[in-house]
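First comes one chain, alone, set out as structure tokens in the form predicted alone.
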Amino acid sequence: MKPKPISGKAFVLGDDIDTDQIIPAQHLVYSLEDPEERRFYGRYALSGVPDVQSGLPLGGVPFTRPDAFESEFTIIVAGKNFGCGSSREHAPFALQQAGIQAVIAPGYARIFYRNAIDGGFVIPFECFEDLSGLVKTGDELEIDRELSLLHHKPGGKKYPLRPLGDVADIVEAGGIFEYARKHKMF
């Protein structure tokens, strides 16, 4: 079955966004099991990203509005080394709770990449060039998962993404445990 494209608004970040910026430690108090409490991970996702000019991430656009649990954004476009820092698996979970389906970056911290894939939280696509300077927050994007291609709708440009390779089956299954169940590994 052909994978469904991912489309929506972009939220753009720079280099070296670490897991404490993705979900600050003070917000790790909510239960992952309680549906009412885990929504707060979405509310506080990316609340640790600094912006010296406005107090809000990247030029005054909040990732999640103060009264909301989900973001209006679907895709994060970031610089290099996304998800560095601790091995906090709450980071990709928080992004998923906020409504993020995919992150596009030139490179990831290995543990963030594995946590995103294994948990089935968000799809970490790698780009061949840093797109964080070419895409603006709020731009409409579409990711063709089958062709590994990003369509930047405002400019009409298309950018190739690295194919997911061996992890594509895990992504399609919804994470490592769903993959193992599907293949009767336990």
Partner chain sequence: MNKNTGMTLTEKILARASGKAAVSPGETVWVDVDVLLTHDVCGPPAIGIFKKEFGKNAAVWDREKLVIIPDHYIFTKDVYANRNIDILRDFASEQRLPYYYDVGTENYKGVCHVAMPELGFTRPGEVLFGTDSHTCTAGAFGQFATGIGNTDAAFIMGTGKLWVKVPETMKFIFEGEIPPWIMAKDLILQIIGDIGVDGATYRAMEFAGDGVMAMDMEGRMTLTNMVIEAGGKNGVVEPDQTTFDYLAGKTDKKYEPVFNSTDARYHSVRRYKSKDLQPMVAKPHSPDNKATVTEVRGTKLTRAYIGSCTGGKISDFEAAARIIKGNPLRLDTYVVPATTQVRQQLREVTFEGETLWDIFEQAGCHMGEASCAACLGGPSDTFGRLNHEEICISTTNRNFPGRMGSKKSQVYLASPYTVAASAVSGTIADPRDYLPVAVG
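Numbering follows the first chain given and starts at 1. Computed from a predicted structure; not experimentally measured.
Same protein, other form: the form predicted in complex with the partner chain, not shown, and the subject of what follows.
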- [ ] Using heavy atoms only and a 4.5 Å cut-off, determine which of Tyr159, Phe125, Phe69, Tyr30 is in contact with the partner chain in the predicted complex.
- [x] Tyr30
Open item on the list: Check Asp20 for me: does it contact the partner chain in the predicted complex (non-hydrogen atoms, 4.5 angstroms)?
Closed with: yes
TODO: Indicate whether the partner chain has at least one heavy atom within 4.5 Å of a heavy atom of Ala168 in the predicted complex.
DONE: no
Task: Partner contact for Asn115 in the predicted complex: the partner chain, 4.5 angstroms, heavy atom - done: yes
Open item on the list: Contact with the partner chain in the predicted complex for Phe121, defined as at least one heavy atom pair within 4.5 Å: yes or no?
Closed with: yes
Open item on the list: Looking at 32-40, 135-143, 61-69, 149-157, which stretch has residues with any non-hydrogen atom within 4.5 Å of the partner chain in the predicted complex?
Closed with: 32-40
TODO: Scan 84-104 and note down the residues that get a heavy atom within 4.5 Å of the partner chain in the predicted complex; none is a fine answer too.
DONE: Cys84, Gly85, Ser86, Ser87, Arg88, Glu89, His90
